[in-house]
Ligand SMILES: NC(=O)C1=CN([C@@H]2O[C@H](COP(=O)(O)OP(=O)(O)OC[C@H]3O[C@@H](n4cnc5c(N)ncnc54)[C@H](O)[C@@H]3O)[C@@H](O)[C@H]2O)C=CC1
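Before any questions on how it binds or moves, here is one chain, the form predicted on its own, in C-alpha cells.
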C-alpha cells in the first residue's frame, strides 16, 4: 500500500516507521498537500493540525484518495467532510483516537453510562492527561467520551471544562511532560467510587490503529468509524 502522510510531526514519523515494518511505502510526507501530490498514493493518513485538517480531507476526497484522519479540533466542519465524501463517492474514516484499546474503551464507557443512568447518587468526573505539545484541550477523545455519556445517561445534557454546573459532565484537562494519553472516568458517591481508565504507553498504539484503519479502508466506499474497522456492533 502506498501511503501519503499529511502531517509529519511525531505521530507522522511513528506511523511512517510502523507502516514500513508492515510492508507499506510512504510516497508523500508533508503538512499540507495539493491534488497532484496525491496521484501516487493508495490512501492518505492525516495527523496534521486543526487548521489544515479539513483542507487536507477535502483535497483527498476531491482527488478520489481514501483518507484516514486522526486530527482533532476541526469537527465544526465534520458534517461538511461527510457530505463531500458522499458527494464524491469517496472513503473516509475519522477517529478522535485510533488506539485499538480506546475503541474498546469507548464501548465500555457507553455501556457503563447506561448502567449508571438511574443511579442519582453518583456524579461523574472525567479526566484527560496529555503531553505539553498537544494543542487542543480537552482532547478529542475526552469530548467523544463526554458526548457518549450525554447520549446514554439521563442526567447529563452538556459537557464543560472544569465545571460544577448541574447536568454537566465536567472535563479536567492536564498537560504534563511525556504523557502519550490517559483518560479516566469516575462515578463517585458518598459510599464508593467506580472507575474505568485507559492509559497509552506510547504513540505506537495510535499509529498502529491508524494503519490498520487505512489497510481496512482501501477499496471501500463510504464514511466509517473504528467500530466498523474492528467489527464492533
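Residue numbers count along the first chain shown, from 1. Just so we're clear, the structure is a prediction, and the values are computed from it rather than from any experiment.
If you look for the form predicted in complex with the ligand, you will not find it shown, but the lines that follow are about it.
Transferred by C-alpha superposition from where it sits in the predicted bound form, the ligand brings 3 or more atoms within 2.4 Å of the backbone or C-beta atoms, leaving the site blocked. Interface residue among 147, 107, 136, 127 relative to the ligand in the predicted bound form, by the heavy atom within 4.5 Å criterion: 136.
Among residues of the shown chain, residue 93 is not one whose heavy atoms approach the ligand to within 4.5 Å in the predicted bound form. At the 4.5 Å threshold, heavy atoms of residue 222 stay clear of the ligand in the predicted bound form, well away from it.
The ligand in the predicted bound form comes within 4.5 Å of a heavy atom belonging to residue 11. Among heavy atoms of residue 103, none comes within 4.5 Å of the ligand in the predicted bound form. Per the 4.5 Å heavy atom criterion, the ligand in the predicted bound form is contacted by stretch 71-79, the sole one of 84-92, 154-162, 110-118, 71-79.
If you take 39-58 and check each residue for a heavy atom within 4.5 Å of the ligand in the predicted bound form, you get 47, 48, 49, 52, 56, in sequence order.
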